[in-house]
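Here you get one chain, nothing else, as structure tokens; it is the form predicted on its own.
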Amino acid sequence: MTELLKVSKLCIGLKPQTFPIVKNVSFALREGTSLAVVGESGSGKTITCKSIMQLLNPKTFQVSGSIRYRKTELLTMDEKGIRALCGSKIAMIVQNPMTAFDPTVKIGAQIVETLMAHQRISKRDAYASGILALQKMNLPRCEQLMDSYPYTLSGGMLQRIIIALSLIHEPDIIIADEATTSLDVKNQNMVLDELEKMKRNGIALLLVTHDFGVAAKLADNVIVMREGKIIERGTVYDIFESPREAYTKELLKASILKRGNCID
């Protein structure tokens, strides 16, 4: 299988003192495989993934190491190259849906603009593709949604629209940052099933989560982060059956208790 993404000795510091936030993080992602990055809030999961997408402000953060997509170094790529790559070849499902859209522009216009930026497609065809993408996510009244402003929709609804937009280009890599957090159980399962389907089609998944239940359903391999460092890694089976670190055991226990309470 082709290696799509390789992160080597990634370090992220907060300027001006370059206070370390992420320390020597390394991992690889191959075509059609999935890697779960698991850890509690503040462990460095999200900031690691934002560095892959070049979403960190260089005035605030110092990033070093290497992030390679198909042998192309992303940390030295210019802004134009990053814009062309991210959203088409590497897509990210963000954690906070309320800040992902321009509140003054209708959902449909934002979807059409995104499609036309990455594909040679007419405005009419882009609109039709947007409708189809929303329908695949089991969203109701899709034409009405396309004509809605983001501030009129719930966080859960916006999250599902973000996921639809992320999947629409069928990218090589999908980075899912707590993608199901805002959804009810039914829609969580629907989104996870859709991500699993994309994986079967050869798309690589990088899953950022604090929930080992998500990792169990989708991940081939797992890395556990704490305080900006990887403290444990292995196959999903190894991590579930014989975790070495006490921290990993506590995360597993918390996920089991949470799911048990949901069932009750």
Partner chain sequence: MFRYIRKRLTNLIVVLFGVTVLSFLLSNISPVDPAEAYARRILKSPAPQKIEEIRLKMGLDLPLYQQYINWIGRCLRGDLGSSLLTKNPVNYDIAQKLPATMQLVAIALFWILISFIPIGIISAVRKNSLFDHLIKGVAILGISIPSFWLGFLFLFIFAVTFPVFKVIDYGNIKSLILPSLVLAIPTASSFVRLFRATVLSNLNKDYVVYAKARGISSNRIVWGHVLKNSLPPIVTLFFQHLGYMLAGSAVVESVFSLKGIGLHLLNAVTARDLPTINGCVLVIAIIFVLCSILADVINMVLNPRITDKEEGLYE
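Positions refer to the first chain, counted from 1. All values reported here derive from a predicted model rather than from experimental measurement.
Quick note: we don't show the form predicted in complex with its partner chain, though the next part is all about it.
The contact residue chosen from 100, 77, 121, 131 relative to its partner chain in the model of the complex is 100, the criterion being a non-hydrogen atom within 4.5 angstroms. The contact residue chosen from 137, 192, 174, 165 relative to its partner chain in the model of the complex is 165, the criterion being a non-hydrogen atom within 4.5 angstroms.
Across the options 32-40, 232-240, 47-55, 198-206, residues that bring heavy atoms within 4.5 Å of its partner chain in the model of the complex belong to 47-55. Although the partner is absent here, residue 105 lies within 4.5 Å of its partner chain in the model of the complex, judged by heavy atoms. In the model of the complex, its partner chain sits within 4.5 Å of a heavy atom belonging to residue 145.
Its partner chain is not shown here, and in the model of the complex it never comes within 4.5 Å of any heavy atom of residue 125. Not displayed here, its partner chain is kept clear of residue 71 by more than 4.5 Å at the level of heavy atoms in the model of the complex. Not one of 25, 186 and 218 comes within 4.5 Å of its partner chain in the model of the complex, counting any heavy atom. In sequence order, 110, 113, 114, 117, 118 are the residues of 107-135 having a heavy atom within 4.5 Å of its partner chain in the model of the complex; the partner itself is omitted from this view.
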